[in-house]
Ligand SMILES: C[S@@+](CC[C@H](N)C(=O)[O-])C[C@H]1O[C@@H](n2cnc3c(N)ncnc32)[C@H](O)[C@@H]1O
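Only one chain is included here, represented as structure tokens and corresponding to the form predicted alone.
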Amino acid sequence: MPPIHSPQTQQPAVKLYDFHPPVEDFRSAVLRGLSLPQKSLSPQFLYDKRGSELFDAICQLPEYYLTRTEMSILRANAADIAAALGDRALVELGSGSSQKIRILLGAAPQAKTYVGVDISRQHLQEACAALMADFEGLDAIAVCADYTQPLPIAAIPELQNQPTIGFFPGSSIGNLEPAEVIAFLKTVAVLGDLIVGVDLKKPAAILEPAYDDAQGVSAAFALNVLERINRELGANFDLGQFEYQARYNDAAGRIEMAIASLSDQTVRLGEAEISFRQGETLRTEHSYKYTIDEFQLLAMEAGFKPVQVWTDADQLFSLHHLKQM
């Protein structure tokens, strides 16, 4: 598909390739998720424009160690990581506000092509435009797509004649089941080498506040998906009848996030009626935590060789350089 040039006032134009799933797909996925015995929604649906803004706010909270720790790792090891990038096109999966990529771009002047892949179209375009304005000579391309699905690399002419490397920061890989991690890594192997962020195992006393902060921003982020379903699909969720929960399941090694119904109630979505019992939960996310060895074993099962790992002094978070075997 041809790129859509996004008008930006006093900013370079951003080439946008839009592979965003249509509303019908969103409706079908929501209805399917709400019909399961354990009601659930894909974490990708949390990230509309408002959801992305709320997540950016979460990243600034004192309880949320993940972002500041990962950024400290990036700053401390920027030269080494930039050397691993070489002069390849840098493809960031789930780019969000692109704060972390700025550290790498600042250390890698040889990188001339940046591709941001994210499900939130407007948020992505704004971030790419800001990067082009701040990094002279950088070509920033916005790809609105679900990065958990096969990447449409063949549909992006700018990537046909240059090698690529994938950058997947944050802890989003933890949203996948371990078997799904292997499948995902095989899918994104089309990018070549990968730099992947992985949250490490630690006590529940650190994890639970990180995902359920005192200010309630995490709760607003989770409940925003109900507002989105109301707005885009015409549902009638009463947000006052639901509450957010985040608990660490030590046996499974994951944080479990859900929205719980405060009463017996029925929600309408078009012609469909969805019943909730008091206390019944709608699962929004799981976030698995790994040891370094546990994650590297998954990467090897997916056909990657662990090359290097960077972490912080407290062993809270890790960045892995993976090369295809």
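Remember, it's a predicted structure, so these values are computed and weren't measured experimentally. One-based numbering along the sequence shown.
Not pictured, yet referred to below: the form predicted in complex with the named molecule.
Shown alone here, G116 lies farther than 4.5 Å from the named molecule in the predicted complex, counting heavy atoms only. For the chain shown alone, K100 is a contact residue for the named molecule in the predicted complex, at least one non-hydrogen atom being within 4.5 angstroms. Residue contact check for Y147: one or more of its heavy atoms lie within 4.5 Å of the named molecule in the predicted complex. Proximity of N224 to the named molecule in the predicted complex falls outside the 4.5 Å heavy atom cutoff.
Annotated contact segment (heavy atom within 4.5 Å of the named molecule in the predicted complex): 164-172, selected among 164-172, 188-196, 227-235, 77-85. Residue F55 is the only one of Y65, F276, F55, Y290 with a heavy atom lying within 4.5 Å of the named molecule in the predicted complex. Listed residues Q44, T281, Q296, T69 were compared with the named molecule in the predicted complex; Q44 is the one with a heavy atom within 4.5 Å. Residues in 16-35 all lack a heavy atom within 4.5 Å of the named molecule in the predicted complex.
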